[in-house]
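This document starts with one chain, in the form predicted on its own, laid out as structure tokens.
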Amino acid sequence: MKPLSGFKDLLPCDYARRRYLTEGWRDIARRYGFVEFDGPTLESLELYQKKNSGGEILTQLYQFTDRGDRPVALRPEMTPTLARIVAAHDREFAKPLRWFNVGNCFRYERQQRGRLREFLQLNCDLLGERSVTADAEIIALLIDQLRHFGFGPNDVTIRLSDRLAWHDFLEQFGIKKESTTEFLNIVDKMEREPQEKTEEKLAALEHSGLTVEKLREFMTSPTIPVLEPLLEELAARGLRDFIKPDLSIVRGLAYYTGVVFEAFALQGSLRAVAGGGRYDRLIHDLSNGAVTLPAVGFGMGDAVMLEFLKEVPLATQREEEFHAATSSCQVYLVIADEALRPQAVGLAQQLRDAGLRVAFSLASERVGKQFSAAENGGASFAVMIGDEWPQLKIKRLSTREEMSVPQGGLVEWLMDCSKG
């Protein structure tokens, strides 16, 4: 029996790749002073219906009525849960908050490469600060998340926009505020739909003389004044090469209020690999006005990132180095003399107590087969336990170099090697 469409079994090799990703996520987030939190996977359906996420998310919900006759949904994203938590505990924390989460999300959408219906997502959010510096900090964190895995400005670009620029543009054509979300959804899909479809959607809106040509002219403006302070701050951090101002980026979620951005792959067949923006009213709306807290953040999914890692040589190399350093086994004890198995078991426990990853054959096996098991398990060293006991012959499997070490000094010797 196979898993459901859009869901995936994680075999040890798959799980190791995802752990490589999530350990990197956590490491970089903590370097920026972010702390990890979590919330429930199942939420009240009302959380997503309170004009937060927009129509598309609502059509992708895994929703049902539970045994208490309550309408509930599996979370499709983390931001509404974060907003609910912060609104409930606002007075308990000094501001600004730097929080991140690595958690499962669910969306019933068309399965394709880099998209699953259950996925792991990194969310990083900075709450309680509305300055340009806060926007720059969160974008810098996103860039460093990508740089950590070996992606440079030739591999990925951050396409940067601001919804405030669009609000000013819409006023020129008399488009009402209540139509803003509908209009921005049209812009969001322009790249993926034929021009005739865009013209048809524009015609359905009440406006004064807005055409696709005028839209494109605005979107290709050489300068975007509202973004200049943010671009200057990112340049001061040495990150300007990663940034491309681009007004076509509006993000599909209704709660964004200012700067928005997406990380796009420049190589291979993938598109956006991460995205986010400023959402200064979401917590206010969810708390019915009780708490007003500006916020900016981004999300990055594991499925698309794991695909992206395959497409960039340096990223592939770094992943391979990680797997070599975290293989299931560092030291394999080759038991050449079954009479010495008790000593081998005792030695294995000694090495494990010292923090080393150790394996050995659980049954009597030919020495050659044990060496094969050591190599297949990714061990760095094979330790022979045989006629020379308590002197031990050690083979460094990467170079085939052999040396002898007294049994009493093995732990110290291996620990020194693991540090080097």
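If you superpose the two forms and keep the largest set of C-alpha atoms that fall within 1.5 Å, you have the rigid core. Predicted, not measured: the structure shown is a model, and the values here were computed from it. Throughout, we count residues from 1 along the sequence that is shown.
Another form, the form predicted in complex with the RNA, is not on view; read the next lines as being about it.
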item	value
Options 95-103, 127-135, 220-228, 189-197; stretch whose heavy atom lies within 4.5 Å of the RNA in the predicted complex	189-197
Residue contact check: Ser372 to the RNA in the predicted complex, 4.5 Å heavy atom	yes
The RNA contact at Arg107 in the predicted complex, heavy atom, 4.5 Å	yes
is_contact(Gly275, the RNA) in the predicted complex, heavy atom dist at most 4.5 Å	yes
Partner proximity in the predicted complex: Gly150 to the RNA, non-hydrogen atom cutoff 4.5 Å	no
The RNA: the contacting residue among Asp38, Asp27, Glu388, Glu46 in the predicted complex [heavy atom, 4.5 Å]	Glu388
The unique member of Gly299, Pro245, Gly258, Pro294 whose heavy atoms fall within 4.5 Å of the RNA in the predicted complex	Gly299
Non-hydrogen atom within 4.5 Å of the RNA in the predicted complex for each of Tyr20, Ser208 and Lys214	no
Residues within 4.5 Å of the RNA in the predicted complex, restricted to 110-128 and counted by heavy atom	Arg110, Gln111, Gln112, Arg113, Gly114, Arg115, Leu116, Phe119, Gln121
Threshold 2 Å Cα movement between the shown form and the other one for Val304, core superposed	no
Rigid-core frame, C-alpha of Arg192, shift of 2 angstroms or more between the shown form and the other one	yes
